[in-house]
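In structure tokens, one chain follows: the form predicted on its own.
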């Protein structure tokens, strides 16, 4: 469908191939060890972003697949030379506990399924990488963290932007204050989605609307752009087409206050295109657009264009996560990072519903 998220992301991916792929500095895999990962869910993101990323990694290996669609499993087995014993469906997945050739799973399923498969993977003794949002509630996120800790496995959340140069520069500016303290942040992300059959349009699968899809990027950006955790939130929502957006929010606005005095204003929507990060500092500013998609990201500061390496985000993320897990070091984006966003998302929904400022 023309206005689907899939076509939106395919267009983004197509635009990125015209840019040179510049490798970022990364540790060399001197002993050749790789983290053997099984992908759970073989939809668009797994097919067009993660699978190609594996081919470029030193520390990660696509070792298995899990899907509810038998034909997809057959296709992936042939294309990526995956042995039959490393292929599972949703029903027999728990047998993965017997498979010593798989170290970790990467959950790429509808949001409502993250919790179940994270708990099942942890029980099987496998490390867990999970797409964001990590769950559909704070309770589920907390249970995922607890299950992985109990099992002695790591839980990593797929915040791919935390592994790429432009976002890391935004974080550095918040930390080192080249332009002084952050005063104001505008972080917004939305696109047109009107396909009522899409799982993202069904609250039972998505846990919400655009907030649980692309809005989380804007929320996370306001946190890393300030380098702080918000202390309160206000929010409002608007629905101009209730026949299309029956089950979820259509457009959501929210405002955050931070302890250092900064404020942020954000929008997410399924009824229009918005894709921007703006940061106002005491002595300058930063603007990125696009700021959150698969690239190439673009931005400028008061000093000029942000001339930074263009990389494949998923490759950098897989490399960093796998290298950390292999060496028993904490990952950069653990379950606690996902939990912080989930707590704020629940507060945003509560603020929009009640019209009150919600303390965090």
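Being a predicted model, the structure only gives us computed values, none of them experimental. Positions refer to the first chain, counted from 1.
Below: the form predicted in complex with a further copy of the same chain, not depicted.
Listed stretches are 105 to 113, 143 to 151, 273 to 281, 80 to 88; the contact stretch with a further copy of the same chain in the predicted bound form is 273 to 281, by a heavy atom cutoff of 4.5 Å. Contact check for residue 123: no non-hydrogen atom falls within 4.5 Å of a further copy of the same chain in the predicted bound form. In the predicted bound form, a further copy of the same chain sits within 4.5 Å of a heavy atom of residue 238. The closest non-hydrogen atom of residue 164 lies beyond 4.5 Å of a further copy of the same chain in the predicted bound form.
a further copy of the same chain in the predicted bound form is approached by residue 183, whose closest heavy atom lies within 4.5 angstroms of it. A heavy atom within 4.5 Å of a further copy of the same chain in the predicted bound form is found for one listed residue only; from 255, 137, 168, 99, this is 255.
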